[in-house]
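In the form predicted alone, a lone chain appears below as structure tokens.
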Amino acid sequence: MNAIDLNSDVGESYGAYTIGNDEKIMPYISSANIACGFHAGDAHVMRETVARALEHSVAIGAHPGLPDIGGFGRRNIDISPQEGYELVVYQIGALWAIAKAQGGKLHHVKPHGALYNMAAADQALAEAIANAVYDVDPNLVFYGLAGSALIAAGKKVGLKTASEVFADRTYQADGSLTSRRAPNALITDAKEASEQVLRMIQEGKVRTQQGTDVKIDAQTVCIHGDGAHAVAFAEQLKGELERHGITVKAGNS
């Protein structure tokens, strides 16, 4: 593989509260997943984040989450597939309008937090979300956890998909992400994160917390924009990729 997409969850500030390092991380990524107001973000933050993405020629993506600002969208909420469909259509529509007003367009959709993790394991919810994306615009790329129900649902409905891996998260033997509530869920060393990503790209494997390797399809790599080490991770990772002859650019467009 001579190209890879680097994405980051951005636009997650809200009102008077600033979260993340959006301005500093934009030069190092190729895709931006922009919060759409349910788990984070607001109209002003969305507009500013779209403007930054356009300035840096970064692909614009909607990052719809559960209606849970207090929990940053990371708490499971018992929703039906129909509710999932409606939440996603609503949020894509909001960002679509803000992007269009600035001369931009949407490239992809990536569910956020608990919605992402729930749908990764729940086929009915995954299919509802994939249908929501398709019904809004069948040309959008659907980002989902590599090997998960999200990717299967996207392919089933006819969407272009991007299998996502994580630079700053550890993995379990079943290919799932280690829960944020568990020890060693996050990778805080930039060198270790870069080594994990390079192996996922070059070998299609990741070492799990159980000490075993599992196969993984890496098409887009996430760096969390709200992490304390996000900018350092992004800078080092992009540098390492380019030193190994791997170009950073948005894919499946």
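Values in this document were obtained by computation on a predicted structure and should not be read as measured data. Note that residue numbering follows the sequence shown and begins at 1.
From this point on, the text means the form predicted together with a further copy of the same chain, which you will not see here.
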Work out which of the listed stretches, 64-72, 209-217, 195-203, 50-58, brings a heavy atom within 4.5 angstroms of a further copy of the same chain in the model of the complex.
64-72
Though a further copy of the same chain is not shown, can you say which of 165, 157, 136, 128 has a heavy atom within 4.5 Å of it in the model of the complex?
136
Exercise: residue 223 in contact with a further copy of the same chain in the model of the complex, heavy atom 4.5 Å
no
Determine whether any heavy atom of residue 78 comes within 4.5 Å of a heavy atom of a further copy of the same chain in the model of the complex, and answer yes or no.
yes
Just to confirm, residue 82 within 4.5 Å of a further copy of the same chain in the model of the complex by heavy atoms?
yes
Partner proximity in the model of the complex: residue 89 to a further copy of the same chain, non-hydrogen atom cutoff 4.5 Å:
yes
Going through 34-67, which residues have a heavy atom within 4.5 Å of a further copy of the same chain in the model of the complex? Please give them in sequence order.
36, 37, 38, 39, 40, 41, 43, 44, 46, 47, 67
